[in-house]
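Just one chain is shown here, as structure tokens, and it is the form predicted on its own.
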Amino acid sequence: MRTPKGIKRLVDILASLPGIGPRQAIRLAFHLIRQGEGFQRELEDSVRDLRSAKICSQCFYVHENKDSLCDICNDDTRDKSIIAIVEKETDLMSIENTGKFRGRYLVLGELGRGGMLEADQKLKLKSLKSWISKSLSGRAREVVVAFNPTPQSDFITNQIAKELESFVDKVTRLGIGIPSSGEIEFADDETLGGAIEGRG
């Protein structure tokens, strides 16, 4: 049986999203059809609104501001001498939700399986070093490496510490609380807040 072109195109797009395979994509496509035109228009509008989203030139988080900086980087009340390096935007959101961290961030990007920093991640660290040199007279007080606790992230944390050793007084990690192989994104606020306060 031939699949209509519109459904096939939607299935292909959905299947390209992280965590969604071909079968799930087909189920989602038919679910969207069953929701009717009103829902489909709302979905279409929300996807169109994504066009106004930009990447912050300083921390690489998303924003919709007129200038190049996100709300966090624009906030003068934050202690920008303390920098949390996170893997994903969702990790940043989880840390922000705890209310326990008042520094700035760097969204490094998802860690590859090879245990090495990718070229774009090295460029982001280079950008951070340049910002520290210009904005903090060459030295940050602390860099918190806030990665999910895995052997791979331990290895990359050591690489980051070496990259930044001339630019920061100390490099710390999240404290005890998040289980081994657990994910920051799914930690509850109390556990994650305790891990931030207990960093070392």
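If you superpose the two forms and keep the largest set of C-alpha atoms that fall within 1.5 Å, you have the rigid core. Start at 1 and count along the sequence shown; that's the residue number. Since the structure is predicted, the reported quantities are computational estimates derived from the model, not experimental observations.
Although it is not shown, the form predicted in complex with another copy of the chain is what the next lines describe.
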Using a 4.5 Å heavy atom cut-off, which stretch among 149-157, 164-172, 132-140, 28-36 contacts another copy of the chain in the predicted bound form? 28-36
Indicate whether another copy of the chain has at least one heavy atom within 4.5 Å of a heavy atom of M116 in the predicted bound form. no
Contact test in the predicted bound form: S57 vs another copy of the chain, heavy atoms, 4.5 Å: no
Please run the contact check for E110 against another copy of the chain in the predicted bound form: heavy atoms, 4.5 angstroms, yes or no? yes
My question is simply whether S94 lines the interface with another copy of the chain in the predicted bound form - judged by any non-hydrogen atom within 4.5 Å. yes
Quick one: which residues from 36-75 get a non-hydrogen atom within 4.5 Å of another copy of the chain in the predicted bound form? E37, F39, Q40, R41, E42, L43, E44, D45, S46, V47, R48, D49, L50, R51, A53, I55, Y61, V62, E64
Does G38 move appreciably between this form and the one not shown, meaning a CA displacement of 2 Å or more on the superposed rigid core? yes
